[in-house]
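A single chain comes next, written as structure tokens; it is the form predicted on its own.
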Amino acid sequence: MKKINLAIALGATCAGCDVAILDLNEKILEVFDLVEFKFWPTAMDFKLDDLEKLKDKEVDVGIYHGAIRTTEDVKIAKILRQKSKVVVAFGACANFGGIPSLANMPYEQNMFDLVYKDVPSMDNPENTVPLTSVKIDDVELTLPGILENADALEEIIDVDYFVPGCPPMVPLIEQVIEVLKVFAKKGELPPKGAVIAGTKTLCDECGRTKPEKISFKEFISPQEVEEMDPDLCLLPQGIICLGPATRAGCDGLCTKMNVGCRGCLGPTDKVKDHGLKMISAITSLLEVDEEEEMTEEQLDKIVEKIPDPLGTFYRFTYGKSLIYKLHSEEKVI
């Protein structure tokens, strides 16, 4: 069986996706038997020049993880596309923009100033900020520039397959390995655009018991629950869980640990906007019998129990949300 030429490139990332691959433990040996690494700078001594020197389409499968946040990310993504027959968006950041895309709000300058000038731990009296070029020995070098927004990979290049997760869980990576095995033996691949994960929602694979009617009167943080029922669905206990709107594929790892799903696998194919779908589900379950008699302040107190609505409902998917698209088109402020 001929080995598959594989390249793993990265953009704006914490490198957790690289670590997730290593989490395969002894199964990583199957990967080395199956592929020949043409580029993986996190794990081996590769430079970008090594990727650039490859022939076009010499790479059978190119994997990209991380959001597109700098001009260098754009460059790397385009080179990977040029050199690869197939490109896979790997992880929540490459799939949806991920946590970096939470910065795509209409106060970019405030966030920029906070990071480089105003944060209490910053020692930067000269207010030095990232440069776009630098002159060394009379030679001017271009440096990566920060883009206005952080985007998903498919906003920059054509993407063939998607593997969500923050990071993708071992069972999903094992599915990728099986796809690679079939590709190596028969040259066959899934239909273009396929998501290598579940097709149903997390609720369908979560082992917690769902009552016939799910409702709750207020939002509660897990640490505020005096005695949590380890077998009961988290929503009727008042704990926000994005399971009803999130794609299956993780085997409910978070809910098994009494933590609500954060939505890192993104929405199912039937959901257009992950956050809006979940907000709609939450509001329909919130049982406020006296809502018509309550003042606006009383209702606000209930909502204030969600300290970070954007980070709660769009923690990983804001870069693909309808709200972001409207903002980017300057239809909302």
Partner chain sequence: MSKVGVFVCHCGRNIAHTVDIKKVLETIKDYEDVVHVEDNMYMCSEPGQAVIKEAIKKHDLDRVVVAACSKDMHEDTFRIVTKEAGLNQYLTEMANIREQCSWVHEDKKESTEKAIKIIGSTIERVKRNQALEPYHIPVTRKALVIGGGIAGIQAALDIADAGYQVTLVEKDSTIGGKMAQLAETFPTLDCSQCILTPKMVAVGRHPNIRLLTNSEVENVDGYVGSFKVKIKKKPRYVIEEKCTICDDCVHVCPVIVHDEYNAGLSPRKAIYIAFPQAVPATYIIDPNTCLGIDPLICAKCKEVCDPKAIDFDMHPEILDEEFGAIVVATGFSAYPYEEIGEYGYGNIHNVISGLEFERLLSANGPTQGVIRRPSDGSIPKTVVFIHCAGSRDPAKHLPYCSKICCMYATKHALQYKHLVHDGVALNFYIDVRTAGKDYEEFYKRATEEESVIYVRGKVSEVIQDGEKLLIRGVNTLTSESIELHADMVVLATGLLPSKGTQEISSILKLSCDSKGFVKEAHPKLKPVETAISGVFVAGTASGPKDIPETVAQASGAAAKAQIILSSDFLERDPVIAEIDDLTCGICHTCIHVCPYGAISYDEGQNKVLVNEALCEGCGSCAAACPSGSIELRNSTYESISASIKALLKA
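Keep in mind the model is a prediction, meaning the values are calculated, not measured. Residue numbers count along the first chain shown, from 1.
Although it is not shown, the form predicted together with the partner chain is what the next lines describe.
Original post:
Okay, which stretch from 204-212, 178-186, 164-172, 138-146 lines the partner chain in the predicted complex, with non-hydrogen atoms inside 4.5 Å?
Top reply: Of the stretches listed, the one contacting the partner is 204-212.
Subject >> Non-hydrogen atom contact L153 with the partner chain in the predicted complex at 4.5 angstroms >> reply: Answer no; every heavy atom of L153 is more than 4.5 Å from the partner chain in the predicted complex.
Original post:
Just to confirm, A281 within 4.5 Å of the partner chain in the predicted complex by heavy atoms?
Top reply: Taking the distances in the predicted complex, the answer for A281 is yes, it comes within 4.5 Å of the partner chain.
**OP:** Although the partner chain is absent from this view, report whether I306 comes within 4.5 Å of it in the predicted complex, heavy atoms only.
**Re:** Looking in the predicted complex, residue contacts with the partner chain do not include I306, since no heavy atom lies within 4.5 Å.
Original post:
Does the partner chain get within 4.5 angstroms of any non-hydrogen atom of K117 in the predicted complex?
Top reply: Heavy-atom contact with the partner chain at 4.5 Å: absent for K117.
Original post:
Which residue among L48, L285, A43, L29 has a heavy atom within 4.5 angstroms of the partner chain in the predicted complex?
Top reply: The option sitting close enough to the partner is L285.
Original post:
P244, G252, G260, G238: which sits within 4.5 Å of the partner chain in the predicted complex by any heavy atom?
Top reply: Exactly one residue meets the criterion: P244.
**OP:** Quick one: name the residues from 163-195 with any non-hydrogen atom within 4.5 angstroms of the partner chain in the predicted complex.
**Re:** Read in sequence order, no residue approaches the partner chain (within 4.5 Å, in the predicted complex).
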